[in-house]
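Presented as structure tokens, the chain that follows is alone, the form predicted on its own.
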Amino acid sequence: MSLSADTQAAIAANRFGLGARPGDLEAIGSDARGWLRAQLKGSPPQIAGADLKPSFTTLAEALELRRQIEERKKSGTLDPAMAEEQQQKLGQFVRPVYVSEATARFALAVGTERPFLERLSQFWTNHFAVSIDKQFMPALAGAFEREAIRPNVLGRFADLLLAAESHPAMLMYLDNFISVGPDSQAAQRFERRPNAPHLGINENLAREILELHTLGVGGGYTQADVTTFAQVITGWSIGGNHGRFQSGEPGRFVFRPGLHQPGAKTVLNTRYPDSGYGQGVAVLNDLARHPSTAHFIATKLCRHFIADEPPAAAVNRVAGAFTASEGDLPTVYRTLVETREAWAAPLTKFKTPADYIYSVYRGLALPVEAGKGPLGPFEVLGQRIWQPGSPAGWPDRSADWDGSSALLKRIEWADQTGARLGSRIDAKALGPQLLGENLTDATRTAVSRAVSAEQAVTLLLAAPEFMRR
């Protein structure tokens, strides 16, 4: 059964986008797919602001603060009370950076005219997840998204992959910046010293690239591939003073030949000559073209945009486009938009807390005001920006978000929002503008019978169809 133009517009705005605004469904009109395809043209919008610094600047300042603390500890001039004070100073440095970055991102999501592209940007940030619950990451997560993800969302997957894996935030989050080859110049030099510190390979980044960023679990790699790939990317580091390792511009990516495990290496049955930094790039390029990567990425995209258990036909179609285009992402997105299954069953995806917040702000035309606690709802509803807690990123299935306690928090927040704004909003008129024909008779009746304008807003925001996309 074909869907009406109104229903397709609602799917485009709510499933592919971040929630309809008043007037959006009318503006989308009868060409919902065309509205989505148009958002893939032109350069991706970038988050900008006078207080948003490059990651290398922020990281260099943070590392210098830590270096000063460590130096004073070694010299014995830092008593416990002063040490605590210095640690608080470091926290006071990174916290405002996080707030500025997250607020700017939130404002873009609420105000963007290209919500499909914004959803894709946030999808990829979550795919290449870093989490702010590790030291320095609150100051780096936003810049990582601005510098590695957003400029590459409309390019080739291989370029996006390289930008993400070589960014200082990723190298620091997964500890690759201190990974040392056992036969490297640095290891041999330190081995000859008395009481030499232990130097060794760190496999975190290599494992997550294979398991989470490219091939996926069951994608055909072995533990030996993980270990060898970790050797390949030894030397991928961050410039500045990191205790034993000093070189390169502070805060920027640097390849340190002295840390690199020398020699040709075999990953996934392919032999790569030792070309230093280029050896790692060659492996990433091959991973980007691997059939398992195409299927893994297609599955995640279809799960995000279609259903928790994505139809195999849709996954195969998107994976085929990924392979045939050699990872050209706009081609992949257009294939997704044209996939019949994406339009066949409205309201299959339960909104994550972030999705819910975006749709409320967009639907009610709420401003994101810096300095007035705009990030509070994300913490209250359980999805603090850039804090998935692990490299796996935030989960993307309804069962992870629709528990009774989580649902109660949404309803309470909806009630507070209704109490604050209800007198200014006609929920009865707004409902069809945001949900189109997905607005059920039950919700329409409940909203019309509300005892107050405030309660009507609450009932609309708490409606089952508003909770889904």
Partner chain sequence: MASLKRRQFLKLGALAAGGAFLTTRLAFAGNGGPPTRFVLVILRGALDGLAAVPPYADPDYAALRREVALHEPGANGGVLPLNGFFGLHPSFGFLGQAYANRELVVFQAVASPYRERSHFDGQDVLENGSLRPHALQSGWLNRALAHLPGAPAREPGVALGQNVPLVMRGPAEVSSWSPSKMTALDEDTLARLTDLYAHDPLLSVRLADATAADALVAGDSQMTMAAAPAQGAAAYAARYAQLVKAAAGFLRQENGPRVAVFDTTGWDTHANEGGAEGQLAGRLKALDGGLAMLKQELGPVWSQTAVLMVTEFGRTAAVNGTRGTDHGTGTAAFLCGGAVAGGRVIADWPGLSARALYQGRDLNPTLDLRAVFKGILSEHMGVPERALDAEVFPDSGAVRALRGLTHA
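Since the model is a prediction, treat every value here as computed from it, not as a measurement. Numbering follows the first chain given and starts at 1.
Unshown form predicted in complex with its partner chain; subsequent notes refer to it.
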| property | result |
| --- | --- |
| Contact residue in the model of the complex, chosen from R146, K349, R207, K300 - any heavy atom within 4.5 Å of its partner chain | R207 |
| Selected contact from I178, A104, A163, A354, since only one has a non-hydrogen atom within 4.5 angstroms of its partner chain in the model of the complex | I178 |
| Non-hydrogen atom within 4.5 angstroms of its partner chain in the model of the complex for each of G200, S405 and V451 | yes |
| 4.5 Å heavy atom contact, L459 to its partner chain in the model of the complex | yes |
| Non-hydrogen atom contact E412 with its partner chain in the model of the complex at 4.5 angstroms | yes |
| P391: touches its partner chain in the model of the complex, heavy atom cutoff 4.5 angstroms | yes |
| Residue contact check: A312 to its partner chain in the model of the complex, 4.5 Å heavy atom | no |
| In the model of the complex, segment of 148-156, 377-385, 255-263, 331-339 with a heavy atom within 4.5 Å of its partner chain | 377-385 |
| Neighbours of its partner chain in the model of the complex among 440-467 [non-hydrogen atom within 4.5 angstroms] | A442, T443, A446, R449, A450, V451, Q455, T458, L459, A462, A463, P464, M467 |
